[in-house]
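Given next, in structure tokens, is a single chain: the form predicted alone.
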């Protein structure tokens, strides 16, 4: 198994990176935040790049790529804080009509782990379809049939949420195996997003450390700051190894335990995203506040991703169970 991206994968990654940097410069993010965290034009452009149809076969109108490629693409989306229910809509391609083209905006609720309380749904106002993962299957719910209240101050200003007080059962469109598969695949894709958050936080901190002057020299020249940046790099590479391994193992499940690979990715990438975002804020700490720079967005998005498709603790328990069973 080779974890080095191929030339085609490098070209794919560069194409997505060029696209998101061009369409979502940092100074546009506060504008999207004021608009409620969702930008339809940006969403349509992401769809036109084939992000949602990435793993759909060519016969079904997709691109026909694999999880290894998807992890690379979603790392770039995470690195630039692309908002919207991109992961759920990507997972729904081939399952919900219109998801592959982005015409249908799909969100989701994961009720397969420890029962969440309260039940919250991201981007509820923009959803055409809500997928609910339960232990016995995948359910399709019309958001219009839900009773939900908007949360005035969401944790991530780019991720608006609603508290769903009444969630209909909906129509069952997949069995228990399908629900488990979607949750596993979602965890792998999210680990890619978390890798991107780790990278983005490091790049932001590194750039700032080169620019910010203190005592007549850039703060990046001080040993303490160098150590912080070096630790962020190590965390980033650990996240990369985990996310790439998860994608490659999903593409070739015969070579290793898929659940163990995905859970390991969710643990390492999740820990990396949060740690790097926190350290990035520390590097910016000399300013005395962080709201007016991008650093805080990375931490808030990292916390949101931590609770998607299983937390670090939940996936660590899965790994422990697998290892215990093997001994």
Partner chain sequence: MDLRTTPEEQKFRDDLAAWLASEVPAYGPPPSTHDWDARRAYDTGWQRKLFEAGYAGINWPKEYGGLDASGVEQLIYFEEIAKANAPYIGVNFVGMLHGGPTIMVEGTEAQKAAHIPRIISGEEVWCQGFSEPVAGSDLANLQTRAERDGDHYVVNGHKIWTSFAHVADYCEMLVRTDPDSSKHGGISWLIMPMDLDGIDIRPLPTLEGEGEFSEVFLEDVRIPVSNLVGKENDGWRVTNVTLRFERGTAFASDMIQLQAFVAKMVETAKKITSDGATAWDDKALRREIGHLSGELESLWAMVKLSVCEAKETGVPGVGASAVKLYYTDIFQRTTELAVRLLGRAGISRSDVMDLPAQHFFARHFNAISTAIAAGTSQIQKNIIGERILGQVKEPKPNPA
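Values in this document were obtained by computation on a predicted structure and should not be read as measured data. Residue numbers count along the first chain shown, from 1.
This next part talks about the form predicted in complex with the partner chain, which is not shown.
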Are all three residues 64, 149 and 163 in contact with the partner chain in the predicted bound form, where contact means a non-hydrogen atom within 4.5 Å? no
Partner-proximal stretch of 78-86, 183-191, 247-255, 104-112 relative to the partner chain in the predicted bound form, 4.5 angstroms, heavy atom: 247-255
The partner chain contact at residue 271 in the predicted bound form, heavy atom, 4.5 Å: yes
Counting only non-hydrogen atoms and a 4.5 angstroms cut-off, does residue 230 reach the partner chain in the predicted bound form? yes
With heavy atoms only and a cut-off of 4.5 Å, decide whether residue 14 touches the partner chain in the predicted bound form. no
So, in the predicted bound form, is residue 96 in contact with the partner chain at a 4.5 angstroms heavy atom limit? no
Using a 4.5 Å cut-off on heavy atoms, what residues in 293-327 are near the partner chain in the predicted bound form? 312, 313, 316, 317, 319, 320, 323, 324, 327
